[in-house]
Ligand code: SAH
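Take a look at this single chain, the form predicted on its own, given in C-alpha cells.
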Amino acid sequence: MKYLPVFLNVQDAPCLVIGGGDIAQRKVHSILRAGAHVTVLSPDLSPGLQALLHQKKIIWQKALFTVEALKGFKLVISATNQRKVNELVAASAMSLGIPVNVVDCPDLCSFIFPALIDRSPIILAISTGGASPILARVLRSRLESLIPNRYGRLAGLAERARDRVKKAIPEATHRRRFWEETLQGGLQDLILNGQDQQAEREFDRLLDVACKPSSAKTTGFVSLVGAGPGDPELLTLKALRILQEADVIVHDRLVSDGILRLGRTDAERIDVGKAMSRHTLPQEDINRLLVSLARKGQRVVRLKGGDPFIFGRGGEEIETLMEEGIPFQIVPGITAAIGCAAYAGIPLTHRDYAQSVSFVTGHSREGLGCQIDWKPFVNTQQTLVIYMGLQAFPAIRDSLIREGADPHRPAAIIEEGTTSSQRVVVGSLESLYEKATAAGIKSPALIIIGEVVRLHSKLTWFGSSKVHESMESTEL
C-alpha cells in the first residue's frame, strides 16, 4: 500500500485551511462535517466561504501565509494555486509534525482525502493513492447506489445495544454469531424500510431468543421481490441487495438464469414455476413453503417475474404470511407491460394516440378464457395490454370485435421481452394471432392492442429485437 488508511478524529480540533477559493470551500465543508473548528487563511473569500463566515461557522484570517500561522493547529490543508506557497506550507507543517494535505499535489501531502460515502456512523473511504481522484469518485458513485442511506441507523442501533449484548452474551464467538445473523436478517429490512420502532422491538426479541436454550428458534423473513421482465439490469437496487442476502430463493419459471445467478452461490434455489397445464407446485403449496422456510429462520426471497402485485399472486402469498405471523416486505419490480413495451419501442401512452392504459390477464384462477367484460376496452383512445393471453387470444380477439372493436386496430405481440431473445410481431387485432403462430411465437409473450403500436417501426431501438411482420398498409 502506498498509504495507510486511517480515520482522523478532528472533533473540536482547530484546523487551518489556506486559500479562499472554491476548492478550499469544498475542503472546509468536509472537515466541518467531521466537527472541526475551522480557520481560513486567505486575502479573499469565495461567496460560499463568506456565507459560512456570516453564519459563524468559520474564522477568517485575512492575510498571506507565514510559518507562524501554523502554530496551534492540529491539521492543515493548503488549497492555493501557487506551487511555492504550497511547498512552504507542506515543509513547515511536516517539520512541526502537523498532518498536511496539499490539494492536487500528492507529493506534498502527508495524508490525502479519499472519496467518501457517508452513512454516519458508517464511513467508507475510497482512494487511488492520488493516482486518479476522478476514478475514486466514479467508484464511490457506484458503491453509493448499493448502500442505502438508512444503513447508518442500523449501525446506530448496534452502537446503542453493544454493551447490553455484551452482558447478555458473554462468550465472544456466540456474540459474533448473534451480530452476524441479526444485522443481515429481517431487522435490517425493517430499518431500511423506515420501521425504526418495530426494528427496536424485533431486536429485543432476537436478543431474548439468543439468550434462551439453543432449542429456541428464530423466525426468518420473507421478501416478495419483483425480478422485472427479464433483463437483469432492470432489477431495482433494493431487489439486488436483498437477492444477494437471501438464504433461499423461491422463484418462478419466468425468472431468467442471469437474475438467479446474482444471488449468493450457496443460496438454495427452489423452482416453483407454473406454466399453462404444468404446475410445479400449486399456489397453496407455495404459500405453505414460504411459511415453513421462514419458521426455520431463513431469509427467503420469493422472486417473481415482473412485479409481485401485477398478476403475480403476491397478494395471496402475503395473506398467508400475515395469517401465520411471518414478517415480510414487498419489493416492487418493473412489470412486463412497462419493460417489454419500452424495449419494443411502443409507448403505452401518447398524447396523440392514447390517454390511458389497461392491464388485463388472459386467464384466471379457473384457467383459459377468463370471463371479462371486454366492452370497456374497445375505447380507441386507450392502450390494452394482455398478460398471459397467447393461447386465449382467439377468444379475446373475437370478444373485442363482437363488442365493437375495429378488426384493423394495430396490435403487437412481444416474446421474451427485454432479453437477447426478444421478438416482436406486429399486425392488426384480426391478423395478429395467425402471424404470431406462423412466426412460432411462444410464451412468455405480451400482447399490446392500440394506436400506439403504430409507433413501433419508428421508435424501435433495442438492437436484438426482430420484427417478423409489419402491418399491411390496408390495416393502417
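Start at 1 with the first residue shown and count on from there. Everything quoted here is computed from the prediction, not taken from an experiment.
The form predicted in complex with ligand SAH exists for this protein as well; it is not shown, and the discussion that follows is about that form.
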Per contact check vs ligand SAH in the model of the complex (non-hydrogen atom within 4.5 angstroms), the hit among 380 to 388, 324 to 332, 159 to 167, 180 to 188 is 380 to 388
Just one of 254, 396, 249, 76 has a heavy atom within 4.5 Å of ligand SAH in the model of the complex. Which one? 254
Of 336, 224, 89, 344, the one that lies within 4.5 Å of ligand SAH in the model of the complex (heavy atoms): 336
Contact flag, residue 445 vs ligand SAH in the model of the complex, heavy atom cut 4.5 Å: yes
Although ligand SAH is absent from this view, report whether residue 410 comes within 4.5 Å of it in the model of the complex, heavy atoms only. no
Wondering, does residue 317 line up within 4.5 Å of ligand SAH in the model of the complex on heavy atoms? no
Can residue 311 be called a contact residue for ligand SAH in the model of the complex at 4.5 Å between heavy atoms? yes
Members of 337 to 354 lying within 4.5 angstroms of ligand SAH, judged by heavy atom, in the model of the complex: 340
